[in-house]
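Before any questions on binding or motion, here is one chain by itself as structure tokens, the form predicted on its own.
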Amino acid sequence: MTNTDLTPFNLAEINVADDSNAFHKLQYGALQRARALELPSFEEEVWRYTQINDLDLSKYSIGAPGGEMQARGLTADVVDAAAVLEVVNGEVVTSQINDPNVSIFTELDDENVASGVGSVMTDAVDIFAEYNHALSTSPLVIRIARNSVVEKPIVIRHATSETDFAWFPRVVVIAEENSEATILEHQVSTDVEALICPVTEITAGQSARLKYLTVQELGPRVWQLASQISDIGRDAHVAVSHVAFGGGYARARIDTRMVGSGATGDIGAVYFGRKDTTLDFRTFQKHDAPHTNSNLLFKGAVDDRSRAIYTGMIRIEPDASDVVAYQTNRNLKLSDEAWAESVPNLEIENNDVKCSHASAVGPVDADQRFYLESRGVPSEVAEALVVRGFFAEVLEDFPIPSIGIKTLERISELLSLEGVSL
């Protein structure tokens, strides 16, 4: 495939060269594995509540046609960065490094790419992650130098503007021992028919500190099937945060694995569904090592005919003693036709743990709304203010404060009635 050719998304007709290029060899193996798999069904527990049976791969083509970066939405004002990477329709169009402690590898024949891709996700979590491994045209490997502090964010932007198009962004982040960095990854599209299957792999070495924020602003006719997986080493801390506003069906599977003693993982999300959007989150907090902690807090709202799905699992392995793990998901229903499902789960194989999970789906709190109304606030404004306050708990911990502010502004726009200023 060239940068201008598009190939029908038919695995039987796709060929990947099994040549001396180490990355191509990996792709060749992944393609053979993908050909042996079937598409998932909503009857499977991990795909429960979804419309995955409606996905028709035959309508999409693949390639790397490139193009120009489109509007940047919530990340438009983030210009002072340690590095900027921009990928349009599968082609890297910008690779700029402004901090010597950041190394970025994008060439397919670079050994860092071949050794990085698949280093955390050693087994694909589903067929779409296998597609990604086999068909990614622009893998990005980012390495944060040992004992360094990268003060400014590393910004990764993925733009989709090609219609009837499928592509497979791959990002690998390696935070070396005692390093510190913040990464902002943004998915944006125009109003096109598209299938996007991103995979993000994160490794945090001993005592590393990494903050990773993902912003999803895709168009209403886009399918997103994303996976993010983190391995957190000894005494390391990784905080992953998500913002989701778009997509026709947008799914994010988030695996956070505490693999070293003293590891800590924090997982947060803010999402707002409108019209016919479905926002689907599947989270897995896995404690392999003792003296580890994880805390998950997801908050979302659904309006119009939108749907939200959350299923989560905390898994404590037998050797993981002295573990503290929490999981909380709360959803607001803003219309009678909106729908949300919340299913938290625990699997505990060690007695020396402190774990809890909680979930809720319901309308805006009537008492809070009445309190504001009793002080002269119009009903529609009162409800909007309650919703804004509902999200503050997550947004105040965002790794990039300006994105937290922009997210709250976007929520305010979605809640505002014509002529009403909040």
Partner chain sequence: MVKLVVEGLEASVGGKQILRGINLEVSSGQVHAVMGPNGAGKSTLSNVIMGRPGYVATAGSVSIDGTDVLSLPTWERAQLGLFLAMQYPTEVPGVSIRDTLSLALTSRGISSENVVGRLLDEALAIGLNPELLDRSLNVDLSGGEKKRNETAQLAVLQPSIAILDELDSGLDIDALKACAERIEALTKNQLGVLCITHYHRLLDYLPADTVHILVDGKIVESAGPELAVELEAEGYSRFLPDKQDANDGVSVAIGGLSLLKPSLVDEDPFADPMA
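In this text the structure is predicted, and so the values were computed from the model without any measurement. Residue numbers count along the first chain shown, from 1.
If you look for the form predicted together with the partner chain, you will not find it shown, but the lines that follow are about it.
The stretch in contact with the partner chain in the model of the complex, judged by heavy atoms within 4.5 Å, is 372-380, chosen from 23-31, 372-380, 45-53, 352-360. When the partner chain is considered in the model of the complex, Glu38 lies well away from it, no heavy atom lying within 4.5 Å. Although the partner is absent from this view, Ala392 contacts the partner chain in the model of the complex, with a non-hydrogen atom inside 4.5 angstroms.
When the partner chain is considered in the model of the complex, Gln70 lies well away from it, no heavy atom lying within 4.5 Å. Residue contact with the partner chain in the model of the complex: Ala64 places no heavy atom within 4.5 Å of it.
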